[in-house]
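The same protein chain appears twice below, in two forms, each given on its own as structure tokens and labelled structure 1 and structure 2.
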Structure 1
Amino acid sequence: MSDGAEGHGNLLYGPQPDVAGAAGYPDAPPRMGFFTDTSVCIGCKACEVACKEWNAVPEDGLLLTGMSYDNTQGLGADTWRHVAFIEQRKPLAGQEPGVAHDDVDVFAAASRLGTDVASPGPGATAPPPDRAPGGAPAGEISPVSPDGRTELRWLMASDVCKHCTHAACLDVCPTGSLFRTEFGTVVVQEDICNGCGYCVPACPYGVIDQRKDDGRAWKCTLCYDRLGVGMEPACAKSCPTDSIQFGPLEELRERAQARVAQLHAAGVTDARLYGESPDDGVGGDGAFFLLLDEPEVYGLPPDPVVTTRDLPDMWRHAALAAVSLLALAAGSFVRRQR
């Protein structure tokens, strides 16, 4: 890859500022994507339901996994949005864990809701400047739970296809079923898919999957049909807390950086972005996340790399080996003629 080629041509890895242009859209609109702020996800699963309803995705069943309150386990052919439930014995920010509450009268505590500092009331996340609890910057998002419980926390996150800058699923598809849209997203056309399954192991995130009853591959389309008429994706539209935000990718990246700075100022030092950097192993994701712990905690690979990155070197070595074999064969033929 040469520096002069950046921004043009179909690169297999590295930064690519003009994804749609490289795919053949000279006058493409701004690249669109998702920013999922897991710090405000409440696990309501409205995104999962909205995705299924709009895209007519089959149901997953109602059985729990036995490991958590999660009934869908992960992304798949019939789960294009997945809300993870992760229970941790860990404080939200700098509090000390292990505080017992056996002597707490929950009914008395409920009767005080909204009447004291420790119980700011339903929906309160930012106490007024004169009532901020210790450790919480006044007027900012409080890292302290309303009644002081700090020994346990839930991490909830709505996962989805990352719509990678360099999408290996698209690169290995032999039928053109997978294609890049003018919005920079990656869409699979089920009526063209032949069920070869090459895209499944090619995805570094384990997102795309084959449906058992017909073998074809399915995944999130970022509601391509809605984008075409100026509508936002169904999951973002249904999210009651704006945990899932949709818009131009560059704008989302700026918004995410500001949100991380806000959380750090509030004492949530573990907050970090995942998948937003154009310098990562997939050239940056079209769907990235604000996480409150390491990516592995959420079931995400810590350092994903596009699986087709080494294809040029592999073909180069294969060609060199073929030329060497031909040269040996030619040399042997010449010696036998003598």
Structure 2
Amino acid sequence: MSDGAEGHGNLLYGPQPDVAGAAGYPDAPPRMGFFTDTSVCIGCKACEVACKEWNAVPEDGLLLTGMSYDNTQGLGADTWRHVAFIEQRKPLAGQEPGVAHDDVDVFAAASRLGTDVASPGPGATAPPPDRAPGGAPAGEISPVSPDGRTELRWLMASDVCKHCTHAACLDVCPTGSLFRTEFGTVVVQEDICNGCGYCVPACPYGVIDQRKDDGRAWKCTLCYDRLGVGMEPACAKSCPTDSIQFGPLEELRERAQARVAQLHAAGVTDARLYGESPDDGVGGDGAFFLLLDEPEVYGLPPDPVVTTRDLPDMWRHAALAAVSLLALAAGSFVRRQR
């Protein structure tokens, strides 16, 4: 079968341990994916740029939105990686960056601030030592600033196509343009896409979109071309903090579990994984995330379900409606007694 994706035990919903195998690859390599650990994302947007550069994605207009510092806003035909910036009035809850600078005593350095002439004057971010809050023990940062204001925290998260186990975009594509690769990822073939746009409303995550000038649908390919030659995707390669991790999905899931446990132990109880469970509505994502708040805060759906889960039921109802229409028409021709 030329498209591979269809006709091989087409399970529409639920866990699917062998995604590539079900799509017709008997000797598939392990399923590859992304684990995006947003707790170490610094919002540099290097992934966005690297993605555009490598995949030759056209620029999608430079505009200042006035919301946060995020002027990309969301995923679309010309944004395959998107870094969300969320400002929150929440204390940092003892997060540790995991980078030790044991040899530098920053508090000693800070205590000298304002005492010598060269130090910054008004507008400096550090309070003078005499006004430090009483409750703060030496050597610890208080989440409350001197004037009692709760500190703001930034959440940064690099979003991407989820490469779902059950991909609605792939299921509804009428041309076979969207297909499952041997790595278990989902890719659009631009020479076959006919621009019907059906995949756009089908995606429960709002990832794929239609490019305005050519009418065809575009999204992240998980750098299929790079994977084929054993390279990692451009975004993961360019990520300076390893917030974007690429590898076999099984391995990433283990790594993610360990990271969540580590964050919980460090007091970041909000840390949670999103999209990693094979039991979720899309059978688990090929790209999953570690989040520090509810998914919807990041613009992600809290409980996405692949729309084709209900497709058999939909066809049943449509068939019943068609029969009703037939009966209705037949009833219209029943001659009344005159």
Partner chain sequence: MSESDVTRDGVRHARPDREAPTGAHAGRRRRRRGRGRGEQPMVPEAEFSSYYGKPVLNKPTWKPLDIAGYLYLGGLAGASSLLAAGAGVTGRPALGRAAKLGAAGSITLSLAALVHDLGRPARFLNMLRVFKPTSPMSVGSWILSGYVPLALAAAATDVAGRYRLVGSAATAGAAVLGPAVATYTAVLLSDTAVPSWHEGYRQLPFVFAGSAATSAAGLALAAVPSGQAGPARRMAVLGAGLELGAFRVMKLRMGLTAEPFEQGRPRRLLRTAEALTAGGAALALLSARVRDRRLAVAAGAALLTGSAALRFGVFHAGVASAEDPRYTVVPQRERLRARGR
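We call the rigid core whatever largest set of C-alpha positions still superposes within 1.5 Å between the two forms. Values in this document were obtained by computation on a predicted structure and should not be read as measured data. Reference numbering: structure 1, starting with residue 1.
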### Query
Which of these two, 1 or 2, is the form predicted on its own?
1
### Message
Checking A56 here: with the core superposed, does its CA move 2 Å or more between structure 1 and structure 2?
### Response
no
## Note on the structure
Superposed on rigid core, H317 CA travels between structure 1 and structure 2 a distance in Å of 3.8
### Task
Superpose on the rigid core and then read off how far the CA of L326 has moved between structure 1 and structure 2, in Å.
7.4
